[in-house]
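Before any questions on binding or motion, here is one chain by itself as structure tokens, the form predicted on its own.
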């Protein structure tokens, strides 16, 4: 029987993240967005919550186990605080989690200890590619092998923390097999060109970059999973579910802010929440959030059971992509003219929410 009641450990984690989201992330979000600069002290505090180490099994040096359901519960709470900070804190998981799932013993031994340290370690992954149409199963970035080495060529976009990343996981199409594989590329490797930071409509406090790979040569052992390789579909499913959970958090933030505002804002002698148009809009937003959350939980549960969750993960992300934009736009409408003023957070949630359809591969549980 499927049950989504949090365990005692999960509830303790959620309570801790919720306090962090409200007390730390919320207060710094506006200034970080205006300055287009991460709130480094808030990121540091978020890292010290130990979300990534708690997802690394004890036999690999961590102190927990990988659970997609726990991951989506945490992701929603983090995004409720601030999406840019949430994705900053979670970006190292883009590298660490695939190693937990598919890494060779050597890859795990070499790299996972980095994520058990108290200091935040910038590590990332590069999946998205520039262009109008993007198909994660038909990447333009190519990997060719010869004489025990791999040569990477292509370009990636929206690579978070790329400039300072100590290591990144680069997804490319294997020209010999046609499969999508991932390759470990260390900072300073010849042929890796990181362009200046991208200027985006949303996520302004999360540094992202376009990265070019020009005849980048790595050892064959840098392939995730070694000769066996990895299951890209599983990794993509986990990304879909993570992004959907983050979208639920952003939508919930906008909805709750608009709801509370509508209860306090008095016009013509009564709170505007009593106006039918406002009440219906808020009610529909609440329904959409709950529906998306249940889709996310179902997909995460199937991932934890080791079942094929491709359908559920895809549907959860597609629904959440539309839901968050609808709910965030409703939040702006409820505030009226104030909703268009940058001092009020609803306009930031709308800008951030608009980007979810393009965030493929930028989060993972």
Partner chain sequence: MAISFEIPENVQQMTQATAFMAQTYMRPYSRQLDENEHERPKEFVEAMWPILRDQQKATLDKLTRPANGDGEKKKRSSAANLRLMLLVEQLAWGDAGVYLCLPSAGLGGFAIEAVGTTEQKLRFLSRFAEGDKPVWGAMAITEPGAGSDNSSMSTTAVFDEATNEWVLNGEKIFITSGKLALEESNGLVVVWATVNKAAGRAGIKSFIVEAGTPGVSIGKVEIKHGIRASDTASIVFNNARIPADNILGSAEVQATKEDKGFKGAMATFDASRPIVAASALGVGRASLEFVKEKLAKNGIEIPHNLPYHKLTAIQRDVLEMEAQWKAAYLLTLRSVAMMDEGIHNSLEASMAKLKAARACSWIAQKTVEILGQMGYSREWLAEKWMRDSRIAQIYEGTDQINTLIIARRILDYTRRELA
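Positions refer to the first chain, counted from 1. None of these values were measured; they are calculated from a predicted model.
Only in words, not in the display: the form predicted together with its partner chain, which the text now covers.
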Q: Give a yes or no on whether every one of 290, 301 and 318 sits within 4.5 angstroms of its partner chain in the predicted bound form by heavy atom.
A: yes
**Q.** Listed range touching its partner chain, judged in the predicted bound form by heavy atoms within 4.5 Å, from 23 to 31, 51 to 59, 333 to 341, 309 to 317
**A.** 309 to 317
Q.
Counting any non-hydrogen atom inside 4.5 Å, which residue from 113, 271, 130, 191 sits next to its partner chain in the predicted bound form?
A. 271
(Q) Please tell me which of 106, 135, 195, 186 lies within 4.5 Å of its partner chain in the predicted bound form, judged by heavy atoms. (A) 135
Q) Looking in the predicted bound form, any heavy atom of residue 220 within 4.5 Å of its partner chain? A) no
Q: Mark residue 69 yes when one of its heavy atoms lies within 4.5 Å of a heavy atom of its partner chain in the predicted bound form, and no otherwise.
A: yes
**Q.** Close approach of residue 80 to its partner chain in the predicted bound form, 4.5 Å, heavy atom
**A.** no
Q) Is there any non-hydrogen atom of residue 255 lying within 4.5 Å of its partner chain in the predicted bound form? A) yes
**Q.** Members of 349 to 365 lying within 4.5 angstroms of its partner chain, judged by heavy atom, in the predicted bound form
**A.** none
